[in-house]
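Next comes just one chain, in structure tokens: the form predicted on its own.
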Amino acid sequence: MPWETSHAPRQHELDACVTCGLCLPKCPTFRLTGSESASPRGRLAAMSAVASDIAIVDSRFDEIMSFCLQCRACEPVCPSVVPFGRAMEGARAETAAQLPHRARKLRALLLGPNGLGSRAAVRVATLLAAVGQRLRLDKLPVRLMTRISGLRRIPLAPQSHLGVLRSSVGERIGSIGLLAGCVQDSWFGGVNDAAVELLARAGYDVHVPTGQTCCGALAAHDGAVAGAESLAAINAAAFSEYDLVVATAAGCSAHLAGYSEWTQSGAAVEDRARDITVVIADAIAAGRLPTLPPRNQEVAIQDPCHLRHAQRIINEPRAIVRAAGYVPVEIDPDGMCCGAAGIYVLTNPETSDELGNKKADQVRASGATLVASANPGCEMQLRTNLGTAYEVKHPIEIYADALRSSYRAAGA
């Protein structure tokens, strides 16, 4: 039996690939290397070889799978609709199970319930990051330290959104359980501030339940099955009573949309899961949130992979920026990955840096100094590679700032 876990690549997923090659030009790692093994087709072939007992899960298999960004840019162009992201998570689960080296075990601990899923652990990490910023440790030639430069200014004691309950303004549309996120809540609190405010104005009762935890996306992507399953089960229970479950990070909303893979009660979450950009764009289109006067300022649009490719959400961030009065500027028609890809910035730093620099160059070429990005990892990558001359915000923050400004101008 070549596979050891229930999450392993499934035969129907592997058989669906017709090796047409349409995925090749869309794959960032193939475009960088030109290597077949660095393409979706090549990775599926490697999985099929293991499934057929032609090959085994060894260090070479691990290398091929670990080089993938899991950006899922291959999925929208695949004529056979191969669920590549799910197959890749299965392949990573197998490498974790069959090749359990020390670094992988440590990552599983950090990405699981006792790491990102632990409020105490995240508080400690937040304090260390905040102190590191003030001591300018991002200037040290250490990879983990240089990533601090991509963070927003973190308060030493950030205010958590857990437990927040905001009633709807005006006509009530329904209830929303907001996923605070693990680091999103402490490191990108302004995004959650904007979400609570805008959702209430759009007619929703908004609750950020205290029983929630990290969504588990990073654990799932790295093959840490036990952690991903545990985190998903906790969240499925925490969000059982709301009309919608909304996430403010693209990676989180994409993972919620596949929760049935990770917990028995996950299907109910999938049906109600929404990315914040979809809910806010719908509210603007319905007239429940206003469209503001033009500002004649351009905003560069960066598409997070798990928004554009995994969820096919493209128009909504642009509609939100446009409703804020700004002019959306396209920087990349293919929505190529910025290289952040969760912990890829640490496991494959050279490739991550190369892609990050390419994305930064696209922003610079646009002429815009304000950038809209709907995922925290992407925002950090952009900040790290662009420097302080550029401002990077979530689309809903850009809209919320413009809305607040208009209310102040009107004396409301």
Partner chain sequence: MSFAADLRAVLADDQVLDHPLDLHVYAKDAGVTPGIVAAVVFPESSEQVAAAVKIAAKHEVPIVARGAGTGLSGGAVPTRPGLIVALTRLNQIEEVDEAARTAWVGPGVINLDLSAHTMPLGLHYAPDPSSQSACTIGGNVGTNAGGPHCLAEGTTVSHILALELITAEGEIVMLGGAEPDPLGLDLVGVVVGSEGTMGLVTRILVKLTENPPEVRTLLLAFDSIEAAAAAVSAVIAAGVVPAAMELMDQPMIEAVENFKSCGFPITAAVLIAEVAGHPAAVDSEAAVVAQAGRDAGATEIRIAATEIERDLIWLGRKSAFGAVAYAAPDYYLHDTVVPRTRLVETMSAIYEIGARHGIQMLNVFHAGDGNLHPLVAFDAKEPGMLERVKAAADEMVRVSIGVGGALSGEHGVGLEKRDLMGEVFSPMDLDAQARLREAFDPKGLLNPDKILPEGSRCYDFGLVANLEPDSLK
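The structure displayed is predicted, hence computed values, not measured ones. Positions refer to the first chain, counted from 1.
A second form of this protein, the form predicted together with its partner chain, is not displayed here; the remarks below concern that form.
Remark: C20 counts among the residues lining its partner chain in the model of the complex, judged by a heavy atom distance of 4.5 Å or less. Mapping the unseen interface onto this chain, I64 counts among the residues with a heavy atom inside 4.5 Å of its partner chain in the model of the complex. Taking non-hydrogen atoms only, I54 approaches its partner chain to within 4.5 angstroms in the model of the complex. Interface residue remark: D401 is not counted as part of the site for its partner chain in the model of the complex, having no heavy atom within 4.5 Å. Of the residues given (T347, T369, S37, Q362), S37 alone sits with a heavy atom within 4.5 Å of its partner chain in the model of the complex. Note on the partner interface in the model of the complex: the residue among P293, P100, G211, P79 having a heavy atom within 4.5 angstroms of its partner chain is P79. Note that among 27-35, 348-356, 383-391, 369-377, the stretch whose heavy atoms approach its partner chain to within 4.5 Å in the model of the complex is 27-35. Counting a residue when any of its non-hydrogen atoms is within 4.5 Å of its partner chain in the model of the complex, the hits in 38-71 run R41, G42, A45, A46, A49, I54, A55, D58, R60, F61, I64.
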